[in-house]
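Here's a solo chain for you in structure tokens, the form predicted on its own.
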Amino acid sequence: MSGALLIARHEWRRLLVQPFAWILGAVVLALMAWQFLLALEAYLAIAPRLGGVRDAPGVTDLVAVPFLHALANVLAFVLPLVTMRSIAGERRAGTLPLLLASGLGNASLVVGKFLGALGYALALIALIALLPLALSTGTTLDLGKLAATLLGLVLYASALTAIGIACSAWAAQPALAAGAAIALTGLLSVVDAGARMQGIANAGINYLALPTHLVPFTRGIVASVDIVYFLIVTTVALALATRRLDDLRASATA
């Protein structure tokens, strides 16, 4: 594990010195801030009419939670860009053989790359989460529902990061890795679309879709089945990346 943490620290420092990571983060923050202001403006426009409605939804349900849910859609495109160079970039730069010869196991390398990219994602989520949390100074927020939503986002980001690492391990070029990760994430997001159009909402195919397991968190429901799903996706993706490094190490020593 110490080897994985060493790789994670190296990956985190590399992201910190890359202009691309800073520009990407700034664009995401600006986009989400603008969306937050639009959502808040829309809420303020209808707030006077909600005062006379019994059990009317508040700012948590109408602004904070939808805003954080929208962040999930943004992460589906951002995290593949963050992870695309994790392993494919090492291969293109010719530095992957040095990593493989460092004495660290393949699992440690993959987990380290994963933790480094996940740290970037968590920092981004934390900064964006400050926007809805700032509303607590002037209104009453459902902090329990917000905490559940943020937990779902973290698990969702973990799965996306692991998928990105796996695609980076199997692709020869970073751009190809990003494209594959976005396509795979999109497939996992709409795999149950046909079933839902037929009115099927509780079948096995629905269980495979990423949004199916994120939505309960946005409703304040933290279920073990959803946590296990994200953990399984993360574990399988990292296992596939480790298997790919096994093949690359074997071919390098052949």
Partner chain sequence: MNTAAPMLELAQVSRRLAGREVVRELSLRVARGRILGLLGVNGAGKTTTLRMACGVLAPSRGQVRVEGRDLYEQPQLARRHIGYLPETPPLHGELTTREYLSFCARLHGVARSAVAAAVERAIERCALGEVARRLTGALSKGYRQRVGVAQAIVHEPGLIVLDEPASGLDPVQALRLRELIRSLGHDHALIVSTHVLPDVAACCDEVAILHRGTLRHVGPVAAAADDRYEAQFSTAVDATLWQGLPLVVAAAAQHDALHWQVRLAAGTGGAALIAALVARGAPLCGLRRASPSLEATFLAIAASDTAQAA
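Residue numbers count along the first chain shown, from 1. Just so it is clear, the model here is predicted, and its values are computed rather than measured.
Beyond the structure shown, there is the form predicted together with the partner chain, which is absent from this document and is the topic of what follows.
At the 4.5 Å threshold, heavy atoms of G144 stay clear of the partner chain in the predicted complex, well away from it. None of the heavy atoms of A134 is located within 4.5 Å of the partner chain in the predicted complex. Contact check for G138: every heavy atom lies farther than 4.5 Å from the partner chain in the predicted complex.
The partner chain is not shown here, and in the predicted complex it never comes within 4.5 Å of any heavy atom of N73. Only one segment in the set 163 to 171, 97 to 105, 147 to 155, 177 to 185 has residues whose heavy atoms sit within 4.5 Å of the partner chain in the predicted complex; it is 97 to 105.
Heavy atoms closer than or equal to 4.5 Å to the partner chain in the predicted complex belong, across 4 to 30, to the residues L6, I7, R9, H10, R13, R14, V17, Q18, ordered by sequence position.
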